[in-house]
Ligand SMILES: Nc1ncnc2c1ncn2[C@@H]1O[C@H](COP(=O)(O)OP(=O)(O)OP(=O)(O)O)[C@@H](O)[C@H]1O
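One chain comes next, on its own, written as structure tokens: the form predicted on its own.
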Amino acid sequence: MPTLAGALGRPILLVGGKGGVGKTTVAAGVALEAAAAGRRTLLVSTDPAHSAGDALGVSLGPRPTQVEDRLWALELDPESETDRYMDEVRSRIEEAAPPRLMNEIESQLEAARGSPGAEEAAVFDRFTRILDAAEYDRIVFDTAPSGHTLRLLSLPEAMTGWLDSLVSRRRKLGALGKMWRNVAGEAAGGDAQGGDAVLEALEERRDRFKRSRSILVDPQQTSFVFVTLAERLPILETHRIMTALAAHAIPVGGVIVNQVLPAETSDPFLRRRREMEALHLADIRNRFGDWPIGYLPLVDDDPVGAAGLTGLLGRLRPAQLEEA
């Protein structure tokens, strides 16, 4: 069986789980360890409720900020990404559309900006650009809660097919325009020698999405590691999204159970909690036994900043912890 350490060491690591289970802490800890090992590392938060900056003790924005030697971090902001995405679409259209149509095009773009899925499409576009970058040895994603992440990771398949269709239609339209210019000559208008800016943009985006898809499904490059608690609801949600990701061929690398109680305690309340936790740990072994499982103990401090997060993975224990 592949090891959890191997999964955590993949060039592209996605860390996910239900809100509040500690995925941001784990993602930041992995990123710090990678940077300390000499690898240029980028930590990316795709969670709209950003806490990566809080975990690292720094202020982050949508552009990479250097946090430590060889470690950069950013928080993707859906609203600013949507603005950037729509500006790019507008500039592409302006290159190809007659000026008399721009007022109507502006109205359509404003309507599109507020439509369902617009922010997710914009974040996904930036997500693929980050995956396409060659300047980092490792990229660690602190992902959004499960539903958001599943939609994000399912977009490469859906949008690649859609873009293939648009490219095909645009090529046919270009061929028809070329035929008309050959027949009508100068009366046809247009630039017979010029390139098709819209077609070029569609092909660039389609090819980038295909590259992203190939990276995401390659188990030698990518791993998705889940963080959960030994509690009913986080376990059920983790199981659901792991099953869903399998349908999209996203390689799951393992599960980290966070905040495991100490095996020995004289406190009656903690003993009862430990008994309940043991049932949930058994459920975790049953549900996730096909993947590596690691355990992080409950600690009495709040790991914040490089000093608090460094060495976090040194606390990670294999399965025997639950039986101690």
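Quantities reported herein were computed from a predicted structural model and do not represent experimental measurements. We number the residues from 1 along the sequence you see.
There is another form of the same protein, the form predicted together with the named molecule; it is not shown, and what comes next is about it.
Stretch-level contact analysis of 60-68, 32-40, 45-53, 275-283 against the named molecule in the predicted bound form, using heavy atoms and a 4.5 Å limit, identifies 45-53. Judged against the named molecule in the predicted bound form with a 4.5 angstroms heavy atom cut-off, the residues K18, K23 and L298 are in contact without exception. L312 belongs to the set of residues with a heavy atom inside 4.5 Å of the named molecule in the predicted bound form.
The named molecule is not drawn, but in the predicted bound form it has a heavy atom within 4.5 Å of P303. Residues of 235-253 that come within 4.5 Å of the named molecule in the predicted bound form, judged by any heavy atom, do not exist; none qualify.
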